[in-house]
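Form predicted alone, single chain, as structure tokens, below.
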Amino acid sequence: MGSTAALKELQRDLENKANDLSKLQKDIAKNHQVRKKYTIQLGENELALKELDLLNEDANVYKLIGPVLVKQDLAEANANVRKRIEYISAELKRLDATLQDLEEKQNSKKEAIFKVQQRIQSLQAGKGKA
């Protein structure tokens, strides 16, 4: 009788851990999605910076603000793009740290699930012998 209650408790524990693992995997997928978006933006901004570096000092630079192109100083445009690259790089580092943390949590959850499964199997094997 006691082993049946213990088995049910272990199965409930297993279910909770599996749900937690599923949430972690969703968070990891979301992190990858956001990281992909930032990586694309970083590439676009680095390309814009290369294009700005090719221009002469007296070249006209325009910035799209809503539906309007507004004239902008080359040095200001350069500074803005560099700031964006700096910001995006910092966000990517933050996302990498978060991802590493999530993956560590995921691995520990998987280990915990494996241990609970082993305990369930050993209880079931002991029950089968009796």
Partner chain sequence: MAENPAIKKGTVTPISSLFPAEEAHKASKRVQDTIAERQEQLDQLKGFMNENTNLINLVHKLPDELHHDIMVPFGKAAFFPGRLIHTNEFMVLLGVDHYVERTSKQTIDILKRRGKGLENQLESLKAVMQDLKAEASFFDAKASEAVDGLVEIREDYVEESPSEVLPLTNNTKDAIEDEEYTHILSRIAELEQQEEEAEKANEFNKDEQIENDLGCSTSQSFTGQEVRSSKVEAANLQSLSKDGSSRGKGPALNDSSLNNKALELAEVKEKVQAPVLATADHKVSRPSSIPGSDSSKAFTGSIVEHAHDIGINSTEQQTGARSSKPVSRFKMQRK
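Keep in mind the model is a prediction, meaning the values are calculated, not measured. Residue numbers count along the first chain shown, from 1.
Heads up, the form predicted in complex with its partner chain isn't pictured, but that's what we're talking about next.
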(Q) Contact check in the model of the complex: A48, Y62 and V81 versus its partner chain, with a cutoff of 4.5 Å between any heavy atoms. Do all three pass? (A) yes
(Q) in the model of the complex, does E44 come within 4.5 Å of its partner chain, counting heavy atoms only? (A) yes
**Q.** Q72: touches its partner chain in the model of the complex, heavy atom cutoff 4.5 angstroms
**A.** yes
Q. Closest heavy atom of L102 to its partner chain in the model of the complex, within 4.5 Å or not?
A. no
Q: Answer for L55 alone: is it within 4.5 Å of its partner chain in the model of the complex, judged on heavy atom distances?
A: yes
Q: Consider the chain as shown here, without its partner, and state which of V34, A77, I28, L92 has a heavy atom within 4.5 Å of its partner chain in the model of the complex.
A: A77
